[in-house]
Every structure is written in structure tokens, then in C-alpha cells.
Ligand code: NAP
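What follows is one chain in C-alpha cells, specifically the form predicted alone.
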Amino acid sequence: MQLEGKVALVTGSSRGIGKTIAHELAHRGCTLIVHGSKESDALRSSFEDVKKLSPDSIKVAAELSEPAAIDKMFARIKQTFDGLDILVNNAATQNPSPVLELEQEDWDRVLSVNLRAPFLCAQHAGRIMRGNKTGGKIINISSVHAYDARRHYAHYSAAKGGLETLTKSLALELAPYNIQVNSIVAGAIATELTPLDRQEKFLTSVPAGRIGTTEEIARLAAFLSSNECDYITGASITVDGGLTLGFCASRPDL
């Protein structure tokens, strides 16, 4: 499952799941576009780690809630590389709020980053990949909350639910260009953004008895980026240790 010579953009790859995905793809031979919403120590650190494996990689800072910033990011990609083979729409934001107190500004920001930006990135990437002889791969990082309601996350769940349907729509329309589009539906994953007390709550709700690792998501992303899954498109693959099998349905604290 090597990916030598492929060019990949992983949004939100300065930390968390995206950082691990970028590192995994670089380890397998990809040239990376490492992305963060702004210039930061986290973005620079992630980029330096990737460059050790993939010297031709670049980093970009782009606020994905702004369509013009997305346009500018893809203009640079086209100027720097001959094409784009892989897009991982990983960047996301959360701002929990009770639904009766949810501000329109917060709703708009979560939807713009978690749903509109993946669409715009996929549109840009699809136009580039359409010209590739080998097509391309688009992977959307989704969430189990696309299917299961969670208190105070109405806007996040709505965005991830939309992302699941968008995945299928993109897969249908891009199939003639040999572009496969799939989603990874992530459950409870340990990152620096997941407080330890919340991780502990999940231990009694996940049948596997633990929460997942970013490496487990990254390995699946690498598989979906490879030619080994050219006949898989429009699929949503759940990685949650069995969380959505019903064990957490009666837990008000989750």
C-alpha cells in the first residue's frame, strides 16, 4: 500500500487526526500539502515532521470559513504541483451550545468549516483530478454524530450529516472521472482536543473497552488513498469500537 509520487492535501493537518494522517501518507511516499487555519507553532511543527519524510512537501495557512482563502490555497497548489491525487477533508470546528441558546454566528461558522469548506475543496480538487490519467481520491472525515444526536451539538451533527450525503453525491458525479469519494466515520478518538475526563466516560460505553487512536484513522485513510480500493466509492466506514451499536444510547453525559 505504497503511495510514491502521489500529491495529497490534508486539511487541518497541524494537529490531531489530520496531523497523523499527513504523517502516515508521507511515510508511504506522498508529497504533502500540510494545512492549518493560520500560521502557528503547531503548523510549523507538523510540517517539519512531514518534511523529514517528504522533502518536497509544502505548508499552507488558510481560513476555511473564507471561500477566497480556499481559492488562494488551491491556486498555490496548482502553481506548485503538476496535479493533486488525494484530498482528505479533515478540518473541523466545534462550539457546543444548547440549541435554544445557539447563536446564528456559531451555527454559520460550524457549517462553513465542516460542510461548505469540504464541498469547495472537493470541487477544486475534483477539477484538478479530472485531468489526471489516474483519477483521484477524496476522503471526508466524518463523525458518528452524523447519525446519533448529541446534546449541545446540533450544528456539528447537522454539518456531519450533510457531509455524509455530500460524500455520496460527490461519489456519484465524480465516478466517470475515476475519482473515488468515501468517508471515515470516526467515533471517540484520543487527541489533544479530547479531555481525559471525557475519554474516561467513553470507556464504559464503547464495547471495545477503549477509545480509538489517530493512527487507526490514519491507516484507513492511507488505504482509501491507494489503488487497492479503486472499486470502493460512496462508502462510509465507521471506526468507533462499536460505539454506535447502542451502548451509549441511554448515557445522558455523552
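Please read these numbers as outputs of a predicted model, since none were measured by experiment. For every residue, the number given is its place in the sequence shown, counted from 1.
Beyond the structure shown, there is the form predicted together with the named molecule, which is absent from this document and is the topic of what follows.
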In contact with the named molecule in the predicted bound form (heavy atoms, 4.5 Å), from 106 to 114, 74 to 82, 173 to 181, 129 to 137, is stretch 106 to 114
Does at least one non-hydrogen atom of A186 fall within 4.5 angstroms of the named molecule in the predicted bound form? yes
K52 within 4.5 Å of the named molecule in the predicted bound form, heavy atoms: no
With the cut-off set at 4.5 Å between non-hydrogen atoms, does I58 touch the named molecule in the predicted bound form? no
Indicate whether the named molecule has at least one heavy atom within 4.5 Å of a heavy atom of L87 in the predicted bound form. no
Residue by residue through 216 to 242, which ones have a non-hydrogen atom no more than 4.5 angstroms from the named molecule in the predicted bound form? none
